[in-house]
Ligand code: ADP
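Presented as structure tokens, the chain that follows is alone, the form predicted on its own.
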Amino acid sequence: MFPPKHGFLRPLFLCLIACATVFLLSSCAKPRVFHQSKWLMGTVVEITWIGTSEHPNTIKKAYHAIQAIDALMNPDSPGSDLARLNARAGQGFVTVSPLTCTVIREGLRIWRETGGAFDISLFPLTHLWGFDTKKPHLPPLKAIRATLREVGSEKITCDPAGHRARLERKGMGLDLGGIAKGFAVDRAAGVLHSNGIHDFIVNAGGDLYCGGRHIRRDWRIGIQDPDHPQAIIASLPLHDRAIATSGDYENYFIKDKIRYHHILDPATGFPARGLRSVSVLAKRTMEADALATALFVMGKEKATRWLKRHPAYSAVLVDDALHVFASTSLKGLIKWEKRFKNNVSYF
């Protein structure tokens, strides 16, 4: 399954609720807010859209697009592409769906561009820590070092022409949880666009794409406070753009007063340190999803340097002391909550 990986990005729906109440009393021809949610890919997937009708067939198609990704890329689902690929690690090529090939190739591209900070080969390590189960634990150091030998995207081959992939070493395994949900959101957004719904939000547990606008203004999204899950640190407008957050507060355990979370550093085999959350804005949810993980692993200094070299992306980083660092491109757009307003630096 796809374990919870990201912090929630909360659409600010207070005004939407008020609007919906008015719409009940007004003409059905006026635009109104519709909302559906389903449990898919190990999280709640919400679709919210503006329209004059419910479009049940289109919404069903959008959810089917997400279910298709889950069926192909869930490593715990017998017969899925990932289950078959992982089972045949070290035994040659395995035929997979073109969609799975697309995600693997994108994962390898981001692995290269982030200097290995994002790595889709972490499945053995995640399993060792138990973060893919309900009983995570601290493994012995010797086991972590041994498992690291089975990690490394350089040992993955993907042949898009033949729709096949290969893991070079026995014991390897792919985990696409850091990128597949974003890809699924993008696929669902494509279904909505192609069927005439242009003003919408698709949110898969914090991997979120905002299409169009909320009636006469942009959608406004809240970024979760790492210390207070029901609160936000800031809100910002989004229009035809994606945002995803990686945080240490969704899937973790505490041992001897130390927090061990699920965002593992491929270089050390241990949880990445220095940041509490990273939110990334991008044109595609798949990119935002993977880069949120990569930047979290990098830590504040490397992440901000990387972002300066890649101005197509914007980000908000929160460190261990709850100091906030934000891309200069977001200045004037973000509305900070009072407790964070004087604790923000731009880069």
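We number the residues from 1 along the sequence you see. Source: prediction; values computed, not measured.
Omitted from view is the form predicted in complex with this ligand, to which the following refers.
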So which of T100, Q224, T126, N203 reaches within 4.5 angstroms of this ligand in the predicted bound form, heavy atom to heavy atom? T126
In the predicted bound form, which of the listed residues (R241, H214, R276, H262) lies with a heavy atom within 4.5 Å of this ligand? H262
Could you tell me which stretch in 194-202, 89-97, 171-179, 231-239 has residues with non-hydrogen atoms within 4.5 Å of this ligand in the predicted bound form? 171-179
Would T293 count as touching this ligand in the predicted bound form under a 4.5 Å heavy atom rule? yes
Could you tell me if A117 has a non-hydrogen atom within 4.5 Å of this ligand in the predicted bound form? yes
Taking heavy atoms and a 4.5 Å cut-off, does L122 contact this ligand in the predicted bound form? yes
Does at least one non-hydrogen atom of D186 fall within 4.5 angstroms of this ligand in the predicted bound form? no
In sequence order, the residues of 297-335 that place a heavy atom within 4.5 Å of this ligand in the predicted bound form are V297
